[in-house]
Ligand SMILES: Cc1ncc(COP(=O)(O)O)c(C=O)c1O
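Shown below, as structure tokens, is a lone chain in the form predicted alone; questions about how it binds or moves come after it.
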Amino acid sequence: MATIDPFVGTTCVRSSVDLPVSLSREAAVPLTAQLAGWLRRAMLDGTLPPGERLPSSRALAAQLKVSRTVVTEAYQQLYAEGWLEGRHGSGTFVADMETAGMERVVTPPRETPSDPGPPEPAAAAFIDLTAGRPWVRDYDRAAWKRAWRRAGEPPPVAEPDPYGLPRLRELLADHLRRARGMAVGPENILVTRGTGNGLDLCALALLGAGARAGVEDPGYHVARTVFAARGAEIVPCPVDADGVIVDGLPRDLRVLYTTPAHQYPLGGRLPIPRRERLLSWARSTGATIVEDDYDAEFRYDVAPLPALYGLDPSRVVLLGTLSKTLSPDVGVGWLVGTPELVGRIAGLRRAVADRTSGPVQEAVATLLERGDLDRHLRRMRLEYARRRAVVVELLGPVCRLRGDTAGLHVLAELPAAVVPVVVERARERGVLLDATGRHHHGRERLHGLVIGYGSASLADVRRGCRVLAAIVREAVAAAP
């Protein structure tokens, strides 16, 4: 029940645990900061113990007679700091203070005489800050079960459609129009098993023994592996802070693989003028650009730039996937191109007996049709934004960060001599890291760590980054 506090202009409300929350419109401190401060103190002194359920943002806003935005932003700040945790369908709860706000140092098991290798923490104790995986433990279980029940209704087919399920292609076309502003129809779309499968189909249709394929350097190592497996000669194409460097691109490339929305792993976003120059290069050379749109759904500053495909569909093949938005285990992605190229790839696909599971496509179609995937994306944008904020807060003061405005990873630049020391010491303390070395095709030109915050919990991201920040300070200070 809301009451008026003795202080002038102050509204007071008591929660289910008899917590007095007071906000003063007369104070110089914004209402959002006041509310976050009150809740933070209540969690520190035990008035709000771990596991306590907080009022919904709508209910608390109504009781305090403030905008719901005030409560929502206060909750989001406390989420980012690790004080709160969300439980899907249940509400907002106070996180466990032992794990949310304090470092945990993992003690490795004792080394035995028969094992001369270095001691390692138990596998379950690792905090995994490597890149490439999403958070898969927070999803709408009811929607998931409903989708798979629907997937079991159609009877098996004797010969799968190499283009993919027609219903899913129509839904994907609508999804791409809404999410990426792309004017495409089902005739432009072929349903794949994910980015790796899409790359292989592109290589099958566009490359051959001895054909030269450009791949960003540093870049996605799977693209190098897939193209090489199809007999192509891999040509490393340098990138800078904005993405692939167009000036100097070889004119004899048959294919160029690029990640313009969020360059992997540096994190740059290819500016519009450079996109235009890249398309002009492709038109003049006859090359096909393979655009990997792998995590364009997750941006934390501004809306994503238009896809390259939308600027010139005749020169670009776009690849997308649900691996980052939902789960790698789903095994569904899409390839977007001209109807002629899509038809050619479908024919080759049938020839090599490549297919995407029909029941899986049915399940994904249901998630799209009912809006469940869109709701999941909106929820995960908030979750990843909180984790990204923690990474920037804790690591920003100790190293230069790149690519922190989008995606599920950032690049932390470090001196070359420091990187292996940090990786080893972090592993000894239970934190797994990914260095930049494996992302280069040739000589390593940029040194650092690719910090992934997708697959670890918010509390673990905070703990891992605290451990990492301390190690980086020590290693940099000790470096010659």
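These figures come from a predicted structure and were not determined experimentally. Residue positions are given as counts along the sequence shown, with the first one as 1.
Just so it is clear, the following notes concern the form predicted together with the ligand, a form of the same protein that is not shown.
*Asks:* Can residue 194 be called a contact residue for the ligand in the model of the complex at 4.5 Å between heavy atoms?
*Replies:* Yes - in the model of the complex, heavy atoms of residue 194 and the ligand come within 4.5 Å of each other.
*Asks:* Residue 361: heavy atom within 4.5 Å of the ligand in the model of the complex?
*Replies:* It does not: once the ligand is placed as it appears in the model of the complex, residue 361 has no heavy atom within 4.5 Å of it.
*Asks:* Would residue 220 sit within 4.5 Å of the ligand in the model of the complex, counting heavy atoms only?
*Replies:* Result yes; residue 220 sits at the interface with the ligand in the model of the complex.
*Asks:* With a 4.5 Å heavy atom cut-off, would you call residue 227 a contact of the ligand in the model of the complex?
*Replies:* Residue 227 lies outside the contact set for the ligand.
*Asks:* Only one of 366, 188, 92, 323 has a non-hydrogen atom within 4.5 angstroms of the ligand in the model of the complex; which is it?
*Replies:* Among 366, 188, 92, 323, a heavy atom within 4.5 Å of the ligand in the model of the complex occurs only for 323.
*Asks:* Exactly one of 403, 310, 132, 160 has a non-hydrogen atom within 4.5 Å of the ligand in the model of the complex; which residue is it?
*Replies:* So the residue touching the ligand in the model of the complex, by this definition, is 132.
*Asks:* Pick the stretch from 273-281, 374-382, 287-295, 201-209 whose residues have a heavy atom within 4.5 Å of the ligand in the model of the complex.
*Replies:* The contacting stretch here is 287-295.
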